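Single chain ahead, by itself, as structure tokens, in the form predicted on its own.
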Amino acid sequence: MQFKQILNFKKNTSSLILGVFLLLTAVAGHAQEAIGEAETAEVAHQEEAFNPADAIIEHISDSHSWHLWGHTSLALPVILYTDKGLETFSSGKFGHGEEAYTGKYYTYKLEKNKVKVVDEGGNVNEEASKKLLDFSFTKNVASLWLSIIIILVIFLSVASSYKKRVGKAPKGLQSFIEPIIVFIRDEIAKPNIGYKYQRYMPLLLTFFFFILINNLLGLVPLFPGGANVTGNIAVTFVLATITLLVTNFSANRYYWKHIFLPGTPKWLYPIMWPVEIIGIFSKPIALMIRLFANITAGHIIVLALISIIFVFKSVAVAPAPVLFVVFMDVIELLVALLQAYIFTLLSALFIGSAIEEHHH
């Protein structure tokens, strides 16, 4: 089946204009967010200088509220399971993170974006805090669900278009998504997995679009963007664990024979076994760290450049950091796509090596 993949000049021009607009919006958003954080720090600590490290860590870390603009934030639900029972309340009860909230069982306070139990004097009760199980709906969780909704809307719409337009050329969103799906099928799945590729296409497509959409949402500093989902090592750990499980549960006997009966003299087996077993886990660990480090590093660089303006407290130095931020945002757009591609490619490569048939 042949697919029409060439967009006309008008669509390309519109996409370019939209891309430039979104890029400038992102730069303005980064500046606005940094200004808001700087103003908050100035109000709270009049005598303290602006600390870029605090602003950067606050941006890339998870949070119990979602910053909207200025001093306005969207409060998210806090869900705690204590040794005395379940406790739920709004994160707005913490104010801007400076206030304590007395619940049904304990008094709680945020400490470095983590809910802690405190006593009457405001001191953290470590013993009680260790018993807390935090199931709160944080900013990263909210953004993760947002990306899931976007993926469902995209693919349900595309699937509906295929049913309505059987035998016809792709149109609209279908014409944009189809080349990407064909690319993942023909350039990633088939070459690396082989004739069994169809079984793993849903997984590979989910990996690619989930990572890509969350990467792009993370580049938009204004609501509903700004969450650092793929820069959270817990998220990349889960994605890498899925690759690990699928790879090893799909593996055939030749894969396990290579690990436990490698093609070396038998007296080397005690040395080779630990090496091979470490190799099983080192590959998904590399996947986890690569995605986490690249996305987090990009956020840190952009925010560090914007912070230069507030460190020098002068608009005169603004043009240089802003130009560098524009350049870095362009690079980050490329990295967002590249990291989704690399994670999907390596996952397909690992799965393919595990199910590869032995040839004499």
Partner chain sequence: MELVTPDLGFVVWTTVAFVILLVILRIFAWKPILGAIAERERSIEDALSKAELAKEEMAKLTSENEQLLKQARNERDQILKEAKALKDQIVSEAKVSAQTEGNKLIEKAKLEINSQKVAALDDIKNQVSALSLEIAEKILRKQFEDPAKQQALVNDLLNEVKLN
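Residue numbers count along the first chain shown, from 1. Note that the coordinates shown come from a computational prediction; the quantities given were computed from them, not determined experimentally.
The form predicted together with its partner chain exists for this protein as well; it is not shown, and the discussion that follows is about that form.
The listed set 254, 89, 105, 137 contains one residue whose heavy atoms approach its partner chain in the predicted complex to within 4.5 Å, identified as 137. Residue 162 is the only one of 269, 162, 281, 249 with a heavy atom lying within 4.5 Å of its partner chain in the predicted complex.
Partner contact region in the predicted complex: 225 to 233, out of 270 to 278, 225 to 233, 68 to 76, 120 to 128, criterion any non-hydrogen atom within 4.5 Å of its partner chain. Remark: none of the three candidate residues (294, 330 and 336) comes within 4.5 Å of its partner chain in the predicted complex, counting heavy atoms only.
In the predicted complex, none of the heavy atoms of residue 80 sits within 4.5 Å of a heavy atom of its partner chain.
In the predicted complex, no heavy atom of residue 97 sits within 4.5 Å of its partner chain. Contact check for residue 145: a heavy atom falls within 4.5 Å of its partner chain in the predicted complex. Contact check for residue 191: every heavy atom lies farther than 4.5 Å from its partner chain in the predicted complex. The partner is not shown here, but in the predicted complex the stretch 198 to 223 reaches within 4.5 angstroms of its partner chain through a heavy atom at 199, 201, 202, 203, 205, 206, 207, 209, 210.
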